[in-house]
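A single chain comes next, written as structure tokens; it is the form predicted alone.
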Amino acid sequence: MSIVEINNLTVHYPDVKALDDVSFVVNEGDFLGIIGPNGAGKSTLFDCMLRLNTKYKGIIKFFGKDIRDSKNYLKGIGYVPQKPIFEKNFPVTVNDVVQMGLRNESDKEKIDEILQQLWIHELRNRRIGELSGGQQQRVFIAKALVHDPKILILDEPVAGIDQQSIELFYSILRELNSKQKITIIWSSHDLDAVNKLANHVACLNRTLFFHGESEKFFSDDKLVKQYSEASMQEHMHHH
């Protein structure tokens, strides 16, 4: 059952085509890893999917409905952005941040449950600025999960986080997908992690270079090499 459909998505900025005729489907329960070099259009793709960018051509459907018709679909989505940086004394606690994700006040006991699940319940009264990068990211996952989303979208969530926290973070994602059946769409530079976690992979470099089962992609040396070379060229171009 397809839960997300993207058809012929094209985005122009004044001097560049950020996305060019991108089409793919995400099925319920999928764990999709989106890989691509910097500047490949991953964040633009997410902006379109979340209606932060509405100047696109093509069609995006969530839960079978065109997202141009209604914002209602956003209730079914949890979003974890790239890591925001907080001042040490920023006056909000972990509890405050997670509560922002609630759709209605009566669900407060849900906060407890999610904080326990993500191993941050003992941090609930700490200021968000005092936490390590890995702890902060778990707080943002908690905020995204507290309203029971069907889909979790994560934009390079482990940038600048230590290895131990990354491992914990990935095991949490694996559980959310396998036990709670949350569909995950996650962009990453870490090919090893995508290979281990994701059942499908989309290689984006403005156009869609590959979309399919991750096993098929990672077992094809030619594809991986082609992808790596394209990423390298893009990297050189940016510098």
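As the structure is a prediction and not an experimental result, all values here were calculated from the model. Residue positions are given as counts along the sequence shown, with the first one as 1.
The following text describes the form predicted together with a small molecule, which does not appear among the structures shown.
Heavy atoms within 4.5 Å of the small molecule in the model of the complex are found in exactly one of 42 to 50, 63 to 71, 22 to 30, 169 to 177, that being 42 to 50.
In the model of the complex, the small molecule sits within 4.5 Å of a heavy atom of A18. By the criterion of a heavy atom within 4.5 Å, T207 is excluded from the residues contacting the small molecule in the model of the complex.
Among residues of the shown chain, N199 is not one whose heavy atoms approach the small molecule to within 4.5 Å in the model of the complex. Taking the partner from the other structure, the small molecule in the model of the complex has no heavy atom within 4.5 Å of any heavy atom of N195.
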